[in-house]
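Only one chain is given next, in structure tokens, and it is the form predicted on its own.
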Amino acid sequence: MKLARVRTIACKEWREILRDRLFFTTAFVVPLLIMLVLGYGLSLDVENIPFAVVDHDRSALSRDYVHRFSDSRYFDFRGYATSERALDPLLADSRIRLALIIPAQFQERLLADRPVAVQALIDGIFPFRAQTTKGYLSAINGQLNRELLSDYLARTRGLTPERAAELISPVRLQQRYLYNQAIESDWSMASGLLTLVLMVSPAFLTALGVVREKESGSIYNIYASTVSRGEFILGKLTPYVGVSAFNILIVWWVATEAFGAPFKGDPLFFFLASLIYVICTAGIGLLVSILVRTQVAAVLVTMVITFIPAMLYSGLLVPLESMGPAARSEAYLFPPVYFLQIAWGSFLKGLGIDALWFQVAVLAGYAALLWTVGLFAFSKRPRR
């Protein structure tokens, strides 16, 4: 292998990137757009849940009960409905996601120390949001129950309100959130989206770069030249790896500055681990370019084998623990699941090579395997 030939091919490819505006946009602008669009568009927070109330009691206690929900940042009060029948079109049209039905004699029964049932209708179209809404309801309703029970004990046993509160809650749970103390989903999502961007972008660039030579016919010049397949692949893909390495810095800056995600790890380690991941995903693009002959086919195939694993099988949107055994085993066959652990570990946990060496080693193994297969699969003999 002669480095002069590699350098010549790399310089020629870099000039092609700068000259082709569409390709230049794909190389530098698209990764940034993916980061911004998905970063602002995807959120795991369940807040401002629209709800309406049918209050058959219309008493001071029923209004206080409604205010417990409307004063919370998790709920958005849309007003009172006249009857249960009026709730049906509101729920069907998704104008509200929750309906509370307060029965008559609500205040009377509570003041008489008798239980009362309040009905809650939850939109179950999105199970995750429905389960979260149920949790909010249980928490607010449980707080009211504790206050009523504490008041009952204070009145009937002559206890102070503080002592009564201690009796009804003998076990106190002290919670602390680690790594993401503010429970900001933007922090997790922004740092996790690096996994998607660096999975999709390098593969697209390398696949389109080689396939473009096939469509234009210029690859026949390589077939007829004395350039070896190793020199061609290394020279051809080096600029794309370099562009992706620059994009690492860009998306890291967007995650920390635009979305405010804290970075607690070692920047040098994270950059080197990301570079290994980029080399790995560029290898995926190399294999795609060998299998297809048109740029349209390259786009479609690359989208399927990069975007879907990075979104669905990395743990970014669906925790691996929530997957079935078959899906979990399949997830560990894709590189994104390992890089996501590196991204979250570096950003939010401050982990380094001592804790993440296995993930880096797996990505390096993937990169070596993909590039080796790509090298031997590439042939200078044109296929008919």
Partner chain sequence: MTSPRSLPMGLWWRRLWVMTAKELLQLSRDPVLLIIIAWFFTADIYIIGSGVSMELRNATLRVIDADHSAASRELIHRFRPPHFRLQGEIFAHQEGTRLLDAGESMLVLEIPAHFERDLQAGRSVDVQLQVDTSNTVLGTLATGYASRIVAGFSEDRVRRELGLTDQQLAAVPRIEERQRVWYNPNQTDPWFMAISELMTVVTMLSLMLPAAATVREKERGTIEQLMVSPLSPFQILFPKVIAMTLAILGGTAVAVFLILIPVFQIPIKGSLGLFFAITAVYVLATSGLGLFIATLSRNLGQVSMLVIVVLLPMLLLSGSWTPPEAMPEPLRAAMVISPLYYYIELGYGILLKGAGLDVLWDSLLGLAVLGSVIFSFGVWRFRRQLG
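Keep in mind it's a predicted model, so treat the numbers as computed, not measured. Positions refer to the first chain, counted from 1.
Absent from the display: the form predicted in complex with the partner chain. The rest refers to it.
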| query | finding |
| --- | --- |
| Residue (of A104, V241, L272, L312) lying close to the partner chain in the predicted bound form, criterion heavy atoms within 4.5 Å | L312 |
| Listed residue that, although the partner chain is not shown, lies within 4.5 Å of it in the predicted bound form (heavy atoms), from I353, V66, L317, A331 | L317 |
| Heavy atom contact within 4.5 Å of the partner chain in the predicted bound form, the stretch among 276-284, 231-239, 260-268, 302-310 | 302-310 |
| Partner proximity in the predicted bound form: Q295 to the partner chain, non-hydrogen atom cutoff 4.5 Å | yes |
| Distance check, L22 to the partner chain in the predicted bound form, heavy atom within 4.5 Å | yes |
| Distance check, S70 to the partner chain in the predicted bound form, heavy atom within 4.5 Å | no |
| Proximity of L348 to the partner chain in the predicted bound form, heavy atoms at 4.5 Å | yes |
| In the predicted bound form: members of 91-108 within 4.5 Å of the partner chain, any heavy atom | L91, A92, D93, S94, R95, R97, F106 |
